[in-house]
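Read the single chain below, which is given as structure tokens and is the form predicted alone.
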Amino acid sequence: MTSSPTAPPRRRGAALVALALLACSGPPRAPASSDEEAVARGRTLASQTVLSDEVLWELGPAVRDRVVAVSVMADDPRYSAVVDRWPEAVPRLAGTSEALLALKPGYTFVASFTSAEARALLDRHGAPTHVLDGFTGFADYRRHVGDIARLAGAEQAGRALVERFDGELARLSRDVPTPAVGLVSYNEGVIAGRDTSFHDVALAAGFRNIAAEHEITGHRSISDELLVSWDPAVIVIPCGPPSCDASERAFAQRPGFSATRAAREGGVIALPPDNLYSVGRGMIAAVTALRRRHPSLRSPAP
């Protein structure tokens, strides 16, 4: 299907986002058999990733009651979306902990970046694991939720979680600000290109990811001089103490960066790290925050 050449730009943008959501969702997975579901519903679970900490919580009380451990970063506000939600009685354990092995969870959720030592220890003790692999945006989030929900015996709750996510994205896709403005995500020399959660967030918020336009994939280090030469209208950075506003002001005054359009025109945007670097529902919060700060929505200078 193609958009009518006479359709308004905003309607065309909303239609493209809707099509992208359908395309990224992939073919439906065959539902688990009743026997498989019964086994999964009786399974104890342990999390070794921030994403599985979040998803297991959001799958509801029936799943939470079977979680015997969460990751050591579950309460770290820099990364976690479920800070202080898991009860103190649920231990925060590292993968190399003998205490985790002693719990004998039915499944432990690890990631492709989990330390080799932790994964080897779990394997050596015959502890069943599921590896969350790939964190490149919205499609991977949907896939991970589906896998976690299936192994937790909560496929219906998982589908509801994905539908909620897609519903919020669809709502945000309406009246996307135009024109698309170029931006860069920057953190002490590292930028986010294509195949990152930030890339999907940027497009959904009505921006162009300049790093992707320069054929950068994943996260890559670049020189400050190169970024300044791009002269982006918006530079997105993580918030640091004492506040996001203070982080924006300090960055806009840094030598070199102060000459960019972003610094001159109020285009430095600081986001909380748990949203900026999220591969879960924090991506929705990041889209919302960037939409609110789109240059097209600024009041004209007096």
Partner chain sequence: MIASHHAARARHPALGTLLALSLLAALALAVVVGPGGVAPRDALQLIARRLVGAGPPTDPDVALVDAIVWSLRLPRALLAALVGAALGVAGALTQGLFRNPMAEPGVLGVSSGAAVAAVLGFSLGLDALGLWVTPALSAVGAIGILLALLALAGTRHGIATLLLAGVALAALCSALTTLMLALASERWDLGLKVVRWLMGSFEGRSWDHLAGALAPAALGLLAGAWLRRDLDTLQLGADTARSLGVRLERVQLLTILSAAILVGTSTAVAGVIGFVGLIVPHVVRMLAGPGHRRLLPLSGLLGASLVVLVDTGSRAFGDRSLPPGVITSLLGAPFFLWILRRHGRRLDHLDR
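Not measured: the values here are computed from a predicted model. Residue numbers count along the first chain shown, from 1.
Keep in mind that the form predicted together with its partner chain is missing from the display, and what follows is about it.
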### Query
Quick one: in the predicted bound form, does every one of R143, D195 and F207 get a heavy atom within 4.5 Å of its partner chain?
no
### Single option in H125, R220, H130, R159 placed near its partner chain in the predicted bound form, where near means a heavy atom within 4.5 Å
R220
### Message
Please tell me which of E117, E225, E98, E88 lies within 4.5 Å of its partner chain in the predicted bound form, judged by heavy atoms.
### Response
E225
## Note on the structure
Within 4.5 Å of its partner chain in the predicted bound form, heavy atom basis, the matching stretch of 176-184, 71-79, 134-142, 162-170 is 71-79
### Query
Using 4.5 Å between non-hydrogen atoms, is T260 touching its partner chain in the predicted bound form?
yes
### Query
Just to confirm, G42 within 4.5 Å of its partner chain in the predicted bound form by heavy atoms?
no
### Query
Does any heavy atom of W57 come within 4.5 Å of a heavy atom of its partner chain in the predicted bound form?
no
### Query
Even though its partner chain is not shown here, does D231 get within 4.5 Å of it in the predicted bound form, heavy atoms only?
yes
### Task
Using the arrangement in the predicted bound form, list in sequence order the residues of 166-198 with any heavy atom within 4.5 angstroms of its partner chain.
N187, E188, G189, V190
